[in-house]
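Encoded as structure tokens, the following chain is the form predicted on its own, with no partner shown.
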């Protein structure tokens, strides 16, 4: 275990004040005016060279977003945890960062979509909501995601770079690529979700000639409404043959009613296991989110959801441990999208995250070959360091990330 009295400064990442001071000094010296969104590209990246994709031989990576907003108390506090497998069995196999944080820049929101993009891009940003609809915010990354870096550098098909997404957050379907002019849709990942299956199923039913007349018109309108949600790549039209085959197999097994397959975060676990068996992903992100049901004001919705994620992690890790190709060649990265509030005056003290200090307090866990085992780095590190660290693990340059690599991860 790491020395908890390590004299190293409390954070491997500069404080907000120091970071801003250094950026202002750089701007003054250069005599230019750059926006925050372009500054990281100017200071942290070398000129991009032409990339010729090559075969990939590095480790598989499974990023698990311990999502829906969770506090450290109910996750990594040994006395109060609701995820005993992750904390007590899995964490000793790897390196735990109990003081990972989301920085407190002005206008940086601690929520699900933003946290997911922090993890995928390695950069904080103030995202503009292109939808302006309640609970349907739409964000577009300005710099590449990990999926784009990987697919631009290596010959890996879309179907082996996957986002596993929840049915209640359709707006997060579209984080599969950025709007960066050197990356973008040509290097996108695929998405598995109930929304994608419903769209696939309705299209297949229409094409089979199941309906006629007014009923057909109604079903076609429903399909158009589903596809319109995918405002960036027009629904499933761009999904690969491998994914369409995946959905057909899913349909054969679970049927068309939606009453047989798991729901909520249990569905994400099942989709992840099916994906591992049938699609063999090299990079996969599982966006758990059920703790967010605490919005209904019932404490058990939150604590039970943490336990369900813990059970899902155990199932996925156990499957990987038993698969010959994945067992010694897969790294798990477990990190929340955001924290939650700590308000002792509320009946549910973590009802929502209003950007209070505990909403910025998360954790990170790395487990797998090449990762230090039984280690704990008990000093502050930053959420946006995840992308650069995954990049180093997979042998890719992440030119536009702003967080430093977590060197303590590597054995």
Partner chain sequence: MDHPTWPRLQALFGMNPVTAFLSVGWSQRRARQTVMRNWVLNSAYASELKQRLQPDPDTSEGKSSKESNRDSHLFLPHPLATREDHELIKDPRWIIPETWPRPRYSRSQKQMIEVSWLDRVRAPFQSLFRNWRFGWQGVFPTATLLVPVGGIMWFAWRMGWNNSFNKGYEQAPIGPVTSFIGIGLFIWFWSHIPMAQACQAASGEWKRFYKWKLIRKLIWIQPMRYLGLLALYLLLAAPVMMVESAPGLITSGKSKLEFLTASEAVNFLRNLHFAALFFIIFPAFAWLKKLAAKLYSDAVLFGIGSGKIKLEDLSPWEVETIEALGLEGLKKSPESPWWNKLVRFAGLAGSHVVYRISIALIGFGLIGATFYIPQFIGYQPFPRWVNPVLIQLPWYHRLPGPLKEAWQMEKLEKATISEPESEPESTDDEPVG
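All of these numbers come straight from a predicted model, not from anything done at the bench. Numbering follows the first chain given and starts at 1.
Beyond what is shown, the protein has a form predicted together with its partner chain; the following relates to that form.
> Hey, in the model of the complex, does residue 74 get a heavy atom within 4.5 angstroms of its partner chain?
Taking the distances in the model of the complex, the answer for residue 74 is no, it never comes within 4.5 Å of its partner chain.
> According to a 4.5 angstroms non-hydrogen atom cut-off, is residue 347 in contact with its partner chain in the model of the complex?
Heavy-atom contact with its partner chain at 4.5 Å: present for residue 347.
> In the model of the complex, does residue 217 have a heavy atom within 4.5 Å of its partner chain?
Residue 217: no, not in contact with its partner chain in the model of the complex.
> Residue-level contact is defined here as any heavy atom of the residue lying within 4.5 Å of its partner chain in the model of the complex; does residue 259 satisfy this criterion?
Within the cut-off, so yes.
> Can you pick the one in 370, 357, 374, 53 that has a heavy atom within 4.5 Å of its partner chain in the model of the complex?
Filtering the options by heavy-atom distance leaves 357.
> Exactly one residue in 203, 301, 280, 93 has a non-hydrogen atom within 4.5 Å of its partner chain in the model of the complex; which is it?
If I apply the 4.5 Å criterion carefully, the residue I get is 301.
> Quick check for you: of 181-189, 111-119, 76-84, 261-269, which stretch puts a non-hydrogen atom within 4.5 Å of its partner chain in the model of the complex?
Looking at the partner contacts, the answer comes out as 261-269.
> Sequence order please: the residues of 283-304 with a heavy atom within 4.5 Å of its partner chain in the model of the complex.
Residues within 4.5 Å: 290, 293, 295, 296, 297, 298, 299, 301, 304.
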